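The form predicted alone is given below as one chain in structure tokens.
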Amino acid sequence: MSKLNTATGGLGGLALAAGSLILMLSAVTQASALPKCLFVSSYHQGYAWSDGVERGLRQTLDGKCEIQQFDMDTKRRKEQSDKERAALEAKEFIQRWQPDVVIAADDNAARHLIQPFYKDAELPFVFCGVNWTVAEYGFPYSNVTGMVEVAPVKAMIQEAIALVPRAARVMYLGADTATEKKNAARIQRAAKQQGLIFEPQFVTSLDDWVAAYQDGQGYDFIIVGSNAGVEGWDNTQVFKAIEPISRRLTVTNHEWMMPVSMLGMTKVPEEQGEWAGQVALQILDGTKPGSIPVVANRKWELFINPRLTQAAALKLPDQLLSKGKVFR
């Protein structure tokens, strides 16, 4: 009897194993049947903006396509030759993996990958996070559409002027990168429209950033650009350095700069990823990229850093306090 039970159990085990194998094969077949979506990030995981774009993209595409990611890492690989090499590596990955659609985030992917290698190609691309304008890349192409990243600069400057009514001179403080210079040029135009004298400072190290911030106390307010590209950056160390010397209003349009800024009108990176993912799905369903118009982002958030406003003895109006999120 014991042998019979063992044999029966063995047959049952074989049946269960066969069933499990069928389920596994079914899952593999289903996964392989999904279209391939490649996400090419200009930067690296751990960079706040890129992480937000990735979150929005993955939430949109999860379960709808097989996702791979290639990080060009061009915030840390700063030389022109490094950026071009990163683009070639991305191109080689595309050739090996053969994606059905590519989502490319931020300017360096547009400049070094899409423009030189994929203009009007068969492979469809959706870009996002390209700052202010796509004119320099000639987008859209027949195979390329996307979302431009526009900051609420005019509103930010107007809010700063309302808080500093006799403002005449403003400093822009950012990393010494091509993206920051592009941002500064656009913000400078908006500042001049408001009658402000605009002076940018671009730095490469934490110590230089703090020194420039101290110089900025001689201006009416400071616009804080991105720290991406500033070597040795540490939020805690920077805050300790600037808290005792902060006397002037600081404003930013980057959420990740709120630890060292008083007021933020910030873009929402998840919006870029969500929109790009939705458009990628439209393309996979047969919509031609060239028929989808290039758009600009529409969302932003208001943040207030009370620790720095208190350090600067700056009193914000109740209306602003009621609208803003407290950054902690």
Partner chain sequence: MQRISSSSRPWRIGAGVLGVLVLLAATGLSLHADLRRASDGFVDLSGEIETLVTRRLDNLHAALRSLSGMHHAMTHLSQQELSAFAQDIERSYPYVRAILHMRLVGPDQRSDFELDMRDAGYPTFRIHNAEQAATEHLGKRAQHMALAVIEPLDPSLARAMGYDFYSDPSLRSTIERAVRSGEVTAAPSGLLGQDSFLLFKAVYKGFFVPSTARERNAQVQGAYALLVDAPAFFGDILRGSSRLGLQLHRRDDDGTTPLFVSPPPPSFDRLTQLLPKLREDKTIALPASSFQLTIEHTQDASVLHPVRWIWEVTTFMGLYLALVLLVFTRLRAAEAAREAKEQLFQEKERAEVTLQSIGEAVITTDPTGVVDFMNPAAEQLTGWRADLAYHRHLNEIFSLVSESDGSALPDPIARALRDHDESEASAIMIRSDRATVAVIENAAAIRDSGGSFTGAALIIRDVSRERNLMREMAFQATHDSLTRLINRRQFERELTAVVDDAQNTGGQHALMYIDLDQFKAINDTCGHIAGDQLLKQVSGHLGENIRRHDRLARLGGDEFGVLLRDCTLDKALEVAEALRQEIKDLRLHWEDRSFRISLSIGVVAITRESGNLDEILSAADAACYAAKDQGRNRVHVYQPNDDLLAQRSTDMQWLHKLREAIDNDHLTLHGQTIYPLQHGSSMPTMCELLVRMLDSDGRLVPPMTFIPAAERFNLMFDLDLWVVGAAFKQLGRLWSAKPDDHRIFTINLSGQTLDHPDLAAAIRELELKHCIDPRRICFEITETSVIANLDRALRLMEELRQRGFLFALDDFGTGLSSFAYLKKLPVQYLKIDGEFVRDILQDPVDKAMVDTIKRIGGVLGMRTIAEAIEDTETCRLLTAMGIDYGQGYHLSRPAADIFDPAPTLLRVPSKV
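Note that the coordinates shown come from a computational prediction; the quantities given were computed from them, not determined experimentally. Residue numbers count along the first chain shown, from 1.
The next section is about a form of this same protein that is not shown, the form predicted together with its partner chain.
If you check 59, 68, 45, 278 against its partner chain in the predicted complex, which one has a heavy atom within 4.5 Å?
The residue in contact is 278.
Exactly one of 210, 134, 153, 258 has a non-hydrogen atom within 4.5 Å of its partner chain in the predicted complex; which residue is it?
Exactly one residue meets the criterion: 134.
Taking its partner chain as it sits in the predicted complex, is residue 140 in contact with it (heavy atom to heavy atom, 4.5 Å or less)?
Yes - in the predicted complex, heavy atoms of residue 140 and its partner chain come within 4.5 Å of each other.
Wondering, does residue 238 line up within 4.5 Å of its partner chain in the predicted complex on heavy atoms?
No - in the predicted complex, heavy atoms of residue 238 and its partner chain never come within 4.5 Å of each other.
Applying a 4.5 Å heavy atom distance criterion, does residue 303 contact its partner chain in the predicted complex?
Contact with its partner chain, no.
Using heavy atoms and a 4.5 Å limit, would one call residue 292 a contact residue for its partner chain in the predicted complex?
Flag for residue 292 set to yes.
What stretch, of 215-223, 84-92, 100-108, 144-152, brings heavy atoms to within 4.5 Å of its partner chain in the predicted complex?
That would be 144-152.
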